[in-house]
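A single chain, nothing else alongside it, follows as structure tokens in the form predicted on its own.
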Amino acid sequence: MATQVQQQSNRFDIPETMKAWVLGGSNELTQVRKPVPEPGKAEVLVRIDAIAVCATDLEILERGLPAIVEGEDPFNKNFTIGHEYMGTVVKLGPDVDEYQPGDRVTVEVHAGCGRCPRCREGMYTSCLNYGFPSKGHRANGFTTDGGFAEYAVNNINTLVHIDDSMTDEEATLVVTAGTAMYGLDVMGGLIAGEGVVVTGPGPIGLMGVAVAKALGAQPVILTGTRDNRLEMGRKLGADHVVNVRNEDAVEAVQRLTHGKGVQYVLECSGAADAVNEAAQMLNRGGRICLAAFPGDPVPVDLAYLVRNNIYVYGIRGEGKSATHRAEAFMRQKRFDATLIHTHTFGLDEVPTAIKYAKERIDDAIKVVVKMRADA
């Protein structure tokens, strides 16, 4: 077996150095050459074929890395960000036989340490050894080098096989759909026949609509401020859309549900009053999942939550292997994730890709960087 794996690993000509974009100061990226990393135990080397720009990437570019040692400069670390990438396995670490060179994969961000109580419960995105690679934790693009480069090392637990029917661009969206899937999971997951409201038609919100509908939710209601995004939500499965510039979101949900409210709200807007509005959209015993980051602390009517026995959950990333289930839905064509992919750029055009995503030029939603011109 070892000889066969070694022969397969020789299929790819792996250079000693690679192109990579690294953090400078605030809103500064520079292209450099870095050594191609070596996979260790339980790791593989992935040749990155495509990567999507995430809103969190934009936050890191502006404010620096969130996972730093106290007193450390969050910039100027020669650090490569980016986490929504897919690619091809080109080299195996010692004793890895779960994957083979040539496998197409997409990746999760987090590899938990595997030894803390949270990881043992399957909550590896809440690893208690977050930020300590020496203990086995990795969060590519946050604590370890990410995907705006030609190669990256990934723990085998972060890999998801990609069907050949899926394009590289579509494969970068699996983790976005996986995040939405995780949000529905933590609220209970058993949503067939139940009403779901998704607030905020960004990438995660739009994928939340698609996943909720694929799981049998009825009705699925999407709220937002832009008609073109809401129309995209319809195409992904929303039964009703509400433009909150034109009508009150809570009143609209109550009208659409004949005063009953819904059982679940997936909050993806980050709006200041989002939690309070979500609570008023629910029936008693309903559940809210928070998947967005408000810019500032927000007031919440806790008494209303308590009186109505409302559960509130927060998620980080794409936990509990939700990406595997999301990939299955996409492989089965339960929804068309490619609808949210709007722009593509090359590796040397990363600053332009970032600009399009940040400024929403041409109504950019998911901006993808393709690493190889021939792919």
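None of these values were measured; they are calculated from a predicted model. Residue positions are given as counts along the sequence shown, with the first one as 1.
Not pictured, yet referred to below: the form predicted in complex with another copy of the chain.
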| property | result |
| --- | --- |
| Contact stretch among 46 to 54, 320 to 328, 344 to 352, 22 to 30 - heavy atom within 4.5 Å of another copy of the chain in the predicted bound form | 320 to 328 |
| Single option in E170, D185, D145, E277 placed near another copy of the chain in the predicted bound form, where near means a heavy atom within 4.5 Å | D185 |
| Candidate from R226, R118, H240, R255 lying within 4.5 Å of another copy of the chain in the predicted bound form - any heavy atom | R118 |
| In the predicted bound form, T80 touching another copy of the chain (heavy atom, 4.5 Å) | no |
| Q218 within 4.5 Å of another copy of the chain in the predicted bound form, heavy atoms | yes |
| 4.5 angstroms heavy atom contact with another copy of the chain in the predicted bound form for P37 | no |
| Partner contact for E59 in the predicted bound form: another copy of the chain, 4.5 angstroms, heavy atom | yes |
| Residues P74, T176 and L230 all lining another copy of the chain in the predicted bound form, heavy atom within 4.5 Å | no |
| Contact set, 81 to 98 vs another copy of the chain in the predicted bound form - heavy atom within 4.5 angstroms | D95, V96, D97, E98 |
